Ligand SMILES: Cc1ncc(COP(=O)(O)O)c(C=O)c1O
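Form predicted alone, single chain, as structure tokens, below.
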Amino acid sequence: MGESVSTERIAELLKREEERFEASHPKSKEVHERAGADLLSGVPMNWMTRWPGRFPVYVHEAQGASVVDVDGIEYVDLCLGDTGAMCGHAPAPTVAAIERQLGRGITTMLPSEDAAAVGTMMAERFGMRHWQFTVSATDANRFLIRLCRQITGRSKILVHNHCYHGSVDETVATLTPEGKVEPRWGSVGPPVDPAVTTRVVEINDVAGLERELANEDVACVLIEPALTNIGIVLPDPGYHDEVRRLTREHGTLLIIDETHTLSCGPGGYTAVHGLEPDAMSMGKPIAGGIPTGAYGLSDEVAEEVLASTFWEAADVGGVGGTLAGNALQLAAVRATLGEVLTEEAYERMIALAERYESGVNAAIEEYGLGWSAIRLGCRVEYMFSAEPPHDGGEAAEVIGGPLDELMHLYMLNEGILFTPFHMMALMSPATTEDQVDAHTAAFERIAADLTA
């Protein structure tokens, strides 16, 4: 936190914003109290309680890069479903494809007409020639881990500290200051001690990675190419070259999870930076908001997977799902990749993110906040430290707390919607310069308030 921001000032402003929020959201409060009778904590999923304020805002409508709540308040949506709505809400080509498919059936357990076309689109865009579809990125990661264990005969996986790969059991793990692997704080009923299944290293720690892989028991390294759920933490130059060299040297497969780093461009971080993974996973935005995940395999890995598949038990082997690859899903993916998340759209989105980053940095400098803004394609994060964190442990030390709560709640009161877990802003094809500038103006106002 910048030295110019006092804890007393943060507490004073937070009290002001809490009162302002409650006074302006009477209908959301009413809906929340009513929902509490039958929904646990009054919400469909418990993480929805993480939104700022004494109760969550309840949505009436979402279109493009805007959300309207039940009180009629309109927000500039920089959250975009924490990447799930990176296309913007209800993109017209995706909606049209969904509407057409709804009249022809949603799920049949049979491949649809779109299947082959979608496979070709995925291969051309992401560089992997062999694809499978799931209901979520969590499932994609879970299935890839099982496949890697099957073909390597090894039991452990390796992840970055403070990674995010959905709710995969093996990845909800962290490093203690002493370097011990343990369940991440908040892990709910871990089925086994993650030290049994998982090795954990910090991003950018090449020596640590080499030490852990030398045990020769790691089936796969599963990583985001940049951390995104503890704030953005970028890889050092050459880090991914070392990851690829060491995984090959130790017979370990490399999985790149592009779910959040699809913000970098049409082919994700992998395409922009020329990475060479053995497998790739993703989800969220590729179907325009319809629940979807996908994983791709290299030729070599696909051959080994096919050779080791128990075809007579393919429905009960722990890889699959009745709704995976359904017709509605594939129709949405085909329209979204073909007509929404285009190269032209990414050019606009990244330019908007640069505009956003420039506005934030100018205000940080003007008011001497001692913060930093970090951009990853069309995704931007501001962190409450003068220098961008170098690894997950450093990022965890500066994320959260009263200042984070204040910034989220203030922005919400100003009509700006952020991801509730961190100060991540994402641009969509529907986002406008005026919306970006609205955030910049709000950021300048709170910067002035904090340093008054």
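The first residue of the sequence shown is number 1, and the count goes up from there. On a predicted model such as this, the values are computed, not experimentally measured, just so you know.
The same protein also has a form predicted together with the named molecule, omitted here; what follows describes it.
- Considering the named molecule in the predicted bound form, the lone stretch of 295 to 303, 254 to 262, 147 to 155, 367 to 375 in range is 254 to 262 [heavy atom distance within 4.5 Å].
- The candidate spot formed by Gln101, Gln329 and Arg334 is out of contact with the named molecule in the predicted bound form: none of the three has a heavy atom within 4.5 Å.
- Among heavy atoms of Thr94, none comes within 4.5 Å of the named molecule in the predicted bound form.
- Among residues of the shown chain, Thr138 is one whose heavy atoms approach the named molecule to within 4.5 Å in the predicted bound form.
- Taking the partner from the other structure, the named molecule in the predicted bound form has a heavy atom within 4.5 Å of a heavy atom of Gly166.
- Shown alone here, Glu224 lies within 4.5 Å of the named molecule in the predicted bound form, counting heavy atoms only.
- Note on the partner interface in the predicted bound form: the residue among Thr247, Thr198, Ser112, Asn229 having a heavy atom within 4.5 angstroms of the named molecule is Asn229.
- Residue in contact with the named molecule in the predicted bound form (any heavy atom within 4.5 Å), chosen from Arg142, His89, Lys284, His240: Lys284.
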